[in-house]
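Encoded as structure tokens, the following chain is the form predicted on its own, with no partner shown.
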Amino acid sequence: MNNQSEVRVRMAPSPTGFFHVGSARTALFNWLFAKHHKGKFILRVEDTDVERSSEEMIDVVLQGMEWLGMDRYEGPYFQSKRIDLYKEYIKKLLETGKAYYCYCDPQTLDKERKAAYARKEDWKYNRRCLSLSDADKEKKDQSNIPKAVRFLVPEQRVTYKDIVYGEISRDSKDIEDFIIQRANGMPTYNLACVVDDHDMGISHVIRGADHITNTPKQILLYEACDFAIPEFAHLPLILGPDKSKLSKRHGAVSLDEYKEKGFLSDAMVNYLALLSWSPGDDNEDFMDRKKPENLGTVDMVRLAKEFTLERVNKANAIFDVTKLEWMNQQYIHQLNHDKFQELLKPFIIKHGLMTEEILIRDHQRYVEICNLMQPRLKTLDGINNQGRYFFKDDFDYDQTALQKFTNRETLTIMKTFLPVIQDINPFEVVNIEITLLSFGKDHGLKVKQWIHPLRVFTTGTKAGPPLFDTLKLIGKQKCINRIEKMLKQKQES
């Protein structure tokens, strides 16, 4: 195995889709490991699959890395620009007899494979092209029959020590002669990966456990090319709550979707770090508390200092959105108020709650709403559901609460409160509180008899920020209009 002193790790995404939370966790673990050892973190884009790769997807990966605070790295390097290097090594493997041309039609091989599986039999390429004579090869070349290049798998047992899973061993007789160059001249993943890891001096390959099956093939390629073999650490998979592969039916799986939903990058980093890793105690809070202004941000320095691969658990991780929301709420709650207000603005504008012009004009009111909602939001996007009533009249009513707190008695009480609310001047928190409490007391009403229906009528919810502060920010006329609207609806029904 590689005994170089400098730690060099890499994140090698394929830009063929969104930036999956699993890929984000892998990137984070590589980044933390590099920082822990004062090493280098390299970003390499595996874009040799030209048909499926796109610049747009590359940008998604780069933006995701930046959002998570991993914007300092070596690279990015693009495999599509390193094709000549891969071909040099493929040529050497052919010249040394460690690889050979394969003229077999992929569709024919696929039919053979499926037929064998239908018979419940194993199938492996039978090396039919390995024994072709030079004359046969020349004839096929003259006929322009497409040819790929296959690696000639030697007979041996491949054994390596995985930092997470321990010793892993596989007999090469179970590995078919795999393709290292497609018929279109493009190198395959395994070959390009090995050449790049060698060329970039990668000391540790830290990646998902779904790559364990690739590792024996790659070790054989390292040996065939006379390369030093890096250390391997395969990370457990991330599963949904039902312990199946994380997918859209469990909710968002794209990092970008969580960003759009209003999750903080710092909370996401804290949460991802704890998927299959722990610092060795019950403390899961990595919020930076060194300075008051740092509250609401993750302490990446402490996280990197405590991170070790030896503490990665073998068990698959469960992606629990409820726990992520809880953690996000803690980070939101601790944010500097000014920073929270800035972070919330795009979501306010996105949902049409306030325009940029109104945000400037009614800045103080916006600040007061933020102060009430900051401790209560699980996500920034939640302002549309949890606080829409501050801005718009078309909010949803909690039908259970509406049914519970609207009856003949409460309707009568709300009618009596209307003129009282109308007479509160100025419509400020202290005046609202004193007036309503006094009126309720003078009429022999318990607070719970009027405060709950008043909240439901004016906000559509059964719980929320302090009611008197809420009423003040909604405004007198809107409060009256909403109460009258509900009274009319109930009377008509």
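Every value quoted in this text rests on a predicted model; they were computed, and no experiment measured them. All residue numbers refer to positions in the sequence shown, first residue = 1.
Form predicted together with glutamic acid: not shown, discussed below.
Proximity of Glu46 to glutamic acid in the predicted bound form: non-hydrogen atoms within 4.5 Å are present.
Contact between Tyr100 and glutamic acid in the predicted bound form is not found at the 4.5 Å heavy atom cutoff.
Although the partner is absent here, Arg170 is not a contact residue: none of its heavy atoms lies within 4.5 angstroms of glutamic acid in the predicted bound form. When contacts are judged by a 4.5 Å heavy atom cut-off, Gly22 does not count as touching glutamic acid in the predicted bound form. Partner contact region in the predicted bound form: 188 to 196, out of 329 to 337, 128 to 136, 236 to 244, 188 to 196, criterion any non-hydrogen atom within 4.5 Å of glutamic acid. When glutamic acid is considered in the predicted bound form, only one residue from His211, Arg82, Arg376, Lys147 comes within 4.5 Å through any heavy atom, namely His211.
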